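Single chain ahead, written as structure tokens, the form predicted alone.
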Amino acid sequence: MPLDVCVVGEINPDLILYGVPAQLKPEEESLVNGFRLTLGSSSAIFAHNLSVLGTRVGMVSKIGADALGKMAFDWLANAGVDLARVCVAASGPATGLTVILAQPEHRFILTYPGTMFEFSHDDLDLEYIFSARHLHLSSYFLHRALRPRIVDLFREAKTRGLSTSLDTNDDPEGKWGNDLLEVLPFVDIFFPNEREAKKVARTDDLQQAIDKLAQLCQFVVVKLGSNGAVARKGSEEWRRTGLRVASVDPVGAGDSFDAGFIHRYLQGATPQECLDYADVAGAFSTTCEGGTEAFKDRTRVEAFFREHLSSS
């Protein structure tokens, strides 16, 4: 079956620890009250949940020849993602891993990049990528080897007639390099959260950030967490108030939001319809631990979307 979306990005698990003490002391053993080992990484969560929603998704990535890589691979395969172009490194770093220390008001995120740092343009099957209707890339600043040629990838995608989307996620170095600004003109849908939008636009004012970013790419969709989201295309703007649910875990909510938006976008929905669907997808993600656990029960997925979209 031809692909709707090709995701170029990282695959790794998340190890989420719950009930982490507010103060961690050196050399002292601290206890937590729970954990979850699940599919992590922005690109993989996006691909997994988008596939569950019914979009045909393929991934181009690199994992290590280890148990973590196989687990993440199997989780994606079970969701129906085509992984024929995921390469396994014969040597070198292992599959990456993110450890999330969850506390009531915030979380600490520790990432071992592993093969994520080694994934490069040479690992890409360009004909496979460009056979899709849409290209998505996440974790821009974590793709150390791929980053210098991401602009080439997006430029060629647009030349080939694909629509494109990008979610930078955080920059661990805090530099928010100007090379990203060279990519944005080739991005149809840019998916920052509020903090990321301000960092990329170099302003502390959200409205100024949206104004600036809207001049650089076709469509800016800023995620505002529990407050919903705002989308801007040119001078037109759409808003969605966040859906209130019994939230268990916010991990992966932004990636699930992206998946919901792209799913409807490729169906030709209006910007408001895309925004509404995306908000429901992001909220649904938070009803279980981790970024993909909620989406593993397809019957529950259908029931949740049916209930909350019919009432919106």
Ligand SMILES: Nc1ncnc2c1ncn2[C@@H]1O[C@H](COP(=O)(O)OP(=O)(O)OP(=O)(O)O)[C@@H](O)[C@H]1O
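The numbering used is simple: start at 1 and walk along the sequence shown. This one's a predicted model, so the numbers in the text were calculated from it and none came from an experiment.
In what follows, reference is made to the form predicted in complex with this ligand, a form of this protein that is not presented.
Q: Could you tell me which of 259-267, 61-69, 280-288, 32-40 sits within 4.5 Å of this ligand in the predicted complex, going by non-hydrogen atoms?
A: In the other structure, the partner sits against 280-288.
Q: Heavy atoms within 4.5 Å of this ligand in the predicted complex: does L53 have any?
A: Outside the cut-off, so no.
Q: Can C274 be called a contact residue for this ligand in the predicted complex at 4.5 Å between heavy atoms?
A: Contact with this ligand, no.
Q: At the 4.5 Å heavy atom threshold, is G92 in contact with this ligand in the predicted complex?
A: Answer no; every heavy atom of G92 is more than 4.5 Å from this ligand in the predicted complex.
Q: Tell me, yes or no, whether P113 is in contact with this ligand in the predicted complex, where a contact means a heavy atom of each within 4.5 Å.
A: P113: no, not in contact with this ligand in the predicted complex.
Q: Please pick, from N169, Q218, T98, S163, the one residue with any non-hydrogen atom lying within 4.5 angstroms of this ligand in the predicted complex.
A: By the 4.5 Å heavy-atom cutoff, the listed residue in contact is N169.
Q: Quick one: which residues from 220-242 get a non-hydrogen atom within 4.5 Å of this ligand in the predicted complex?
A: Sequence-ordered list: K223, L224, G225, S226, G228, A229.
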